[in-house]
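Take a look at this single chain in structure tokens; it is the form predicted on its own.
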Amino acid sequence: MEDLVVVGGGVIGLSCAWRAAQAGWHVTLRDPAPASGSSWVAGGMLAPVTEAWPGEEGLLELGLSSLELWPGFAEELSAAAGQPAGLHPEGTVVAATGSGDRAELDALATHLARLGRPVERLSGRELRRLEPGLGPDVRGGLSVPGDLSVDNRALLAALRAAAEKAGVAVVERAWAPGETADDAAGTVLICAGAHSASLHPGLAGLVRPVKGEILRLTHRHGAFPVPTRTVRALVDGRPVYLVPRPGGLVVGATQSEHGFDTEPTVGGVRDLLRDAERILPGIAEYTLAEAAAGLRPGSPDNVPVLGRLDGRTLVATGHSRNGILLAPLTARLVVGLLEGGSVPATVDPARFGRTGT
């Protein structure tokens, strides 16, 4: 049995560790605070179609491939962990307010149709038939029943349970390159998200932190019910999403680049609540339960960095806003690498000229 050290205990690291252990590797996962960071804060959308934009066709194909894996992945994970994986089977609606927002969604629908991925265009009235809580400012939008969501915190709990049952040793301590305790490990897999760049010279400048602020709202007795579907929206050009959770909603997300700052700001909270209330006015009666910020790992082209860096080191990072969506596919590709396979050129770090030997 060969040794593997997985550096990073977010959704990518846990998924890869679990799948590698199933494949027969002796896995140690190193993270000072597993199941935290951006994976803990995330909205949990599995939405490759509603996040598709011209110029990101490669990312769309990766997302669609991973979305196809999700039902089986969640079912197997739930059975292995003995607890729910948190998959929410309802789809997504995308709402627009003004004429500019509607024009942007029309452009998205046209782009998807050209790619053979048509979506249903709906009027504001038709959207309100699907989700009665949508407010009068919603003038039209799209229905995308195939874009799902997952409760990220239930997912993380299930992944850790399944990984440990599969034999993964979770060590709550940071890892550094060349650390003596792991020098005997045959292979190291870097999955440290926004912190990955400091762990290998081949990642310098390839992964950066992108801050995202997210709110959690709790439904109160007498308030308008939580929507059944994920609601994404454009409000005067600003994106906002509302993802259902048991007893409430996740609202997100701002996007800014301020280094490793993870403090939510008054402005971020204000802007998210303002735009979310325009889409679902009933949330004014909800409780603001949590405001948090996470650091998405961004890459230069917004596509994951996944492959071999040198003879001993693999990497799976740079997933940006798509880490949870791409977890099943990433884990499958990593196991393939461990078994001597290759990865698509779209994700290979060789596209940046950063691979070693």
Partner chain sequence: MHGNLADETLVVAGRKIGSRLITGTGGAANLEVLERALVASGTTLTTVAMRRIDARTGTGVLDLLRRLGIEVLPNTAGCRTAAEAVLTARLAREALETDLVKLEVVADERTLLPDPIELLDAAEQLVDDGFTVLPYTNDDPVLARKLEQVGCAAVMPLGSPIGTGLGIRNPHNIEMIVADAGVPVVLDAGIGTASEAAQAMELGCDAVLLATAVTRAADPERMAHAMRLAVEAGYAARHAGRIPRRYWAQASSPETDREPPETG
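Remember, it's a predicted structure, so these values are computed and weren't measured experimentally. Positions refer to the first chain, counted from 1.
What comes next is about the form predicted in complex with the partner chain, which is not displayed.
Quick one: find which of 162 to 170, 84 to 92, 124 to 132, 273 to 281 has residues within 4.5 Å of the partner chain in the predicted complex by heavy atom distance.
-> Going by heavy atoms within 4.5 Å, the stretch is 273 to 281.
Find the only residue in S99, T287, T110, S256 having a heavy atom within 4.5 Å of the partner chain in the predicted complex.
-> By the 4.5 Å criterion, the partner-contacting residue is S256.
Give a yes or no for S65: in the predicted complex, does one of its heavy atoms lie within 4.5 Å of a heavy atom belonging to the partner chain?
-> Answer no; every heavy atom of S65 is more than 4.5 Å from the partner chain in the predicted complex.
Heavy atom of R153 within 4.5 Å of the partner chain in the predicted complex | Looking in the predicted complex, residue contacts with the partner chain do not include R153, since no heavy atom lies within 4.5 Å.
Non-hydrogen atom contact H195 with the partner chain in the predicted complex at 4.5 angstroms | H195: no contact with the partner chain in the predicted complex.
Though only this chain appears here, would W53 touch the partner chain in the predicted complex if you measure heavy atom gaps against 4.5 Å?
-> Close contact exists here: in the predicted complex, W53 approaches the partner chain to within 4.5 Å, heavy atoms only.
Among W40, R216 and T262, does every residue place a heavy atom within 4.5 Å of the partner chain in the predicted complex?
-> No residue of the spot touches the partner chain in the predicted complex.
If you look in the predicted complex, which residues in 286 to 308 sit within 4.5 Å of the partner chain (heavy atoms)?
-> Sequence-ordered list: P300, D301, N302.
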